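In the block that follows, a single chain appears as structure tokens, in the form predicted alone.
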């Protein structure tokens, strides 16, 4: 028994025909969607193309959030069409789909990614070993360096971060969050031999960033481009050498500070007005590192690159369903809706919970495969959970019994309050 929701949705899709030119326009379509929790925006576009308008153009390939081909703007926010369910948009609200920002439009939702990859190449995105060796490098999963790089290597170059970044519009030479994130993964790798060259290529772009967190907010792989940019600035503080003769020429004579904090205040106060931000950080900041005050230079900048760029989202208890409505001996699919705040933005979230109830035992599973995040459904005939894409299968307790998933299904913490089942999210 599954609880589903559906109905008629109005879909507005941006259309542009290069043979006609102009500014483009939106066409409206109407679709009857039976279950919005299992229908993606990519499914919507495919239905429109097959059932109503075969001239509609858009890109897609893998359908499992891995290739990045189907990046587009959905109701004003960048995302992957194959990852965004219709249920993520408030029920009954019109769905609008348009191409990514800051890219030339080729046709309809298809954009020219050449400017993206050109800037990507300018950041020297390839690995160049510092030392030639015939033996593979040993990298411990728990090493500090690996933890610093973390999920940043999962970038799929979908362009969503660039589309969301307002600075990409105002600064033509700005490398953009994706290229800077890639540069960060290599700059933080002690095995790489192009540190100086790569840092010289990307450092200037780091100061075009205004720490808006837009790139962090929209990344389908949960990568923080903002963190990568601030990390590069941190590396600059550590590794770019100060020029003593320049500092002496531009700095008025000051009394010898009695402590490190006084020295920081004196240097910052006397020099901030005489040089641009990049020069100040690179020349003065490095000098302060020896006094253990590098994190104090620049105030907000110093604080921004330490630790996560965003506060952890508060955990919430969300009502799922009344316990009496969940049959014993079955697996019930329940849709939950809640509001969450990411950085500066508040958004509505719709998720599916797979509730297994056998006697007094209740287990609440997340409806996403632990392999690639594909959708998981309960197959009552086979008595197992099945992944929609890669042949993954899990038993009634969420344990892997087939396919590539590396671990059991993730679970929601839950509690029962006055006959209501609540799950913890966040």
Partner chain sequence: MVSKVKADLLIIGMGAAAQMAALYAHEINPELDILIVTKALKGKGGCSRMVQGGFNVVLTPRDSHEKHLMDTLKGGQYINDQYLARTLVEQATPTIKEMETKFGCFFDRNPDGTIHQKAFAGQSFDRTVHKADLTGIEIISRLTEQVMKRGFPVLQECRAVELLLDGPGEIVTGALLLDMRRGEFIVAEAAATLVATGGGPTHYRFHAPGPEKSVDGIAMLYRAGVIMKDMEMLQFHPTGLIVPGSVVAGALLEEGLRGAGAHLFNGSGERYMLNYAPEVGERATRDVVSRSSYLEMMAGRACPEGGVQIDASHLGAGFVLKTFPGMAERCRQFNYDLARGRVPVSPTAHFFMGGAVIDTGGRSTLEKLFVAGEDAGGVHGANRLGGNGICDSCVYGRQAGKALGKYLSGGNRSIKETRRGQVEEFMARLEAPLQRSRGANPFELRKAIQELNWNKVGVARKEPELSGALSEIEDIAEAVETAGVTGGAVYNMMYNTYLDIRSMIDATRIVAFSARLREETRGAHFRQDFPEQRDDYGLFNIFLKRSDDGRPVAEKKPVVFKYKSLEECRKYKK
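Bear in mind the structure is a predicted one, so any value in this text is a computation, not a measurement. Positions refer to the first chain, counted from 1.
The form predicted together with the partner chain is left out here; the points below concern that form.
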| property | result |
| --- | --- |
| Residue (of 172, 121, 339, 197) lying close to the partner chain in the predicted complex, criterion heavy atoms within 4.5 Å | 121 |
| Answer option from 364, 31, 400, 374, heavy atom within 4.5 Å of the partner chain in the predicted complex | 374 |
| Heavy atom of residue 154 within 4.5 Å of the partner chain in the predicted complex | yes |
| Contact of residue 221 with the partner chain in the predicted complex (heavy atom, 4.5 Å) | yes |
| The partner chain contact at residue 212 in the predicted complex, heavy atom, 4.5 Å | no |
| Partner contact for residue 113 in the predicted complex: the partner chain, 4.5 angstroms, heavy atom | yes |
| Stretch in contact in the predicted complex with the partner chain, which is absent here, among 76 to 84, 202 to 210, 95 to 103, 331 to 339 (heavy atoms within 4.5 Å) | 76 to 84 |
| In the predicted complex, residues of 24 to 57 near the partner chain [heavy atom within 4.5 Å] | 37, 38, 40, 42, 43, 46, 49, 50, 54, 55, 56, 57 |
| Cα distance between residue 382 and residue 63, which in the predicted complex differs by 3 Å or more from this form, closer or farther | farther |
